[in-house]
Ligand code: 6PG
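Let's start with one chain on its own, the form predicted alone, as structure tokens.
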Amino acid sequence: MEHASDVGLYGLAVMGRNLALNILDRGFRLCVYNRSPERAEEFLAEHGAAYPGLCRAASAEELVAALARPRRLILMVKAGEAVDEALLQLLPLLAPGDVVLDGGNSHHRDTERRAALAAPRGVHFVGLGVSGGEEGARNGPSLMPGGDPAAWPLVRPLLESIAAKTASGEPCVAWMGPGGAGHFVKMVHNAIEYADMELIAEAYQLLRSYVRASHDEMRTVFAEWNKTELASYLVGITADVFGVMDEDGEPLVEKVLDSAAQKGTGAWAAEAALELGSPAGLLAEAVFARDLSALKDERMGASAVLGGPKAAPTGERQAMIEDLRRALLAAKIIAYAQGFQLLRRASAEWRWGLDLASVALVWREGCIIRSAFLERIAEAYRREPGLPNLLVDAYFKALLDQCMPALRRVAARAIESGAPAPAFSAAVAFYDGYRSTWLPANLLQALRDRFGAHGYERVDRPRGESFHSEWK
């Protein structure tokens, strides 16, 4: 078909609309479809004149018929049942060799199930992790595709074209692996994002209640931090947030209710860490901190009953601010270390062959957790692909040597002043646990053997041998 569209896009909510414009800007002919036809009609009316390669389909049948073969079709619908409904609607219309990409935040097991559904028809199903929010979708997101490897050559030119680019022009997209690898990597990205945001929020709380910094001061602090090793998208926009005033001239952030929402990916990552036996307490605490914040009414009632220390002003303001910077850097490194350790465990368990250096490179631009030291993470895994944990890499070990004393002081001051700092505290606990040659788990095993005859290993015998004793 001479004027067939290069790409089809199913779903025109905010992310879908912005990704559609990104695709059109790169010169691809695009056909769009939305289950509510008015949204597609509005999109065509608004952008049709600027993009001659844009067309609208009135039905799924029209959408599929409009595409050049092999067809490339991106689903931008809400994760869950909507993806299943769209796929079941499309599969009978597609032909062997066609590719369906799910650009939502789907669970990796759902992605594997859908790929198995598409495979008998010869249709390649790809779980496409997309990070960067509305801005990323419009101007270039970080992309994490995974699934049927035969699909990669068919979609690579498209994805490399629309992905974010580094300063040197490298596209922030790479093939993650088979099955649900792409969506799993995106899930871990989001878990690190949860931890990063919680750590920033805890630093804000201590600046506000312990240092007694003004919002102008906090804006300056975060702007200055963004010129250091902490340079990142989230630190940068935190400075922006502190500079926005409400209509009455007061800081707008203080008018925002302290009850955080979530969409589930952080909790999925915590569940995966439990399933795989990958210690990720900091990532999990960031999820639980949101859960606790959501208990606003209960917290209000508890505040009238439960006592605690009061945060007192301190005369060591500049020292504390520098401690907070170093603590945030150390805890951020630990959050990434837990995330990459989880990716390593998953890749080994499910034989995905994840290239962790490639994952870090994909996150350098376009995504929410883009930060200055992702290049350093990539270098660490290039030097040692089997690196057990980022904490033992020479570069990150040196940074932690400099910053861990500050992290300990910050966590201690938070506890002493009654300021909840679960993420900072969890970061210290993981670091100390990971560096310990001995942990009290021997007593846990003895107790398990005492009440349940679960057996235990001995320090003076080869690993793998099981023993049972009478402990009465």
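Note that residue numbering begins at 1 and tracks the sequence as displayed. Quick caveat: nothing in here was measured; it's all calculated off a predicted structure.
The same protein also exists as the form predicted together with the ligand; that form is not shown, yet it is the one meant from here on.
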With the distance limit set at 4.5 angstroms and only heavy atoms considered, check whether Gly133, His189 and Tyr194 all reach the ligand in the predicted bound form. yes
Just to confirm the contact call: exactly one of 390-398, 124-132, 78-86, 244-252 touches the ligand in the predicted bound form at a 4.5 Å heavy atom cutoff, so which is it? 124-132
Closest heavy atom of His107 to the ligand in the predicted bound form, within 4.5 Å or not? no
Mark Gln262 yes when one of its heavy atoms lies within 4.5 Å of a heavy atom of the ligand in the predicted bound form, and no otherwise. yes
Does the ligand get within 4.5 angstroms of any non-hydrogen atom of Arg345 in the predicted bound form? no
Using the partner position in the predicted bound form, report whether Ala118 sits within 4.5 Å of the ligand, counting heavy atoms only. no
Please pick, from Arg208, Arg290, Arg364, Arg376, the one residue with any non-hydrogen atom lying within 4.5 angstroms of the ligand in the predicted bound form. Arg290
Using a 4.5 Å cut on heavy atoms, which of Ala163, Ile368, Ala174, Ala380 is close to the ligand in the predicted bound form? Ile368
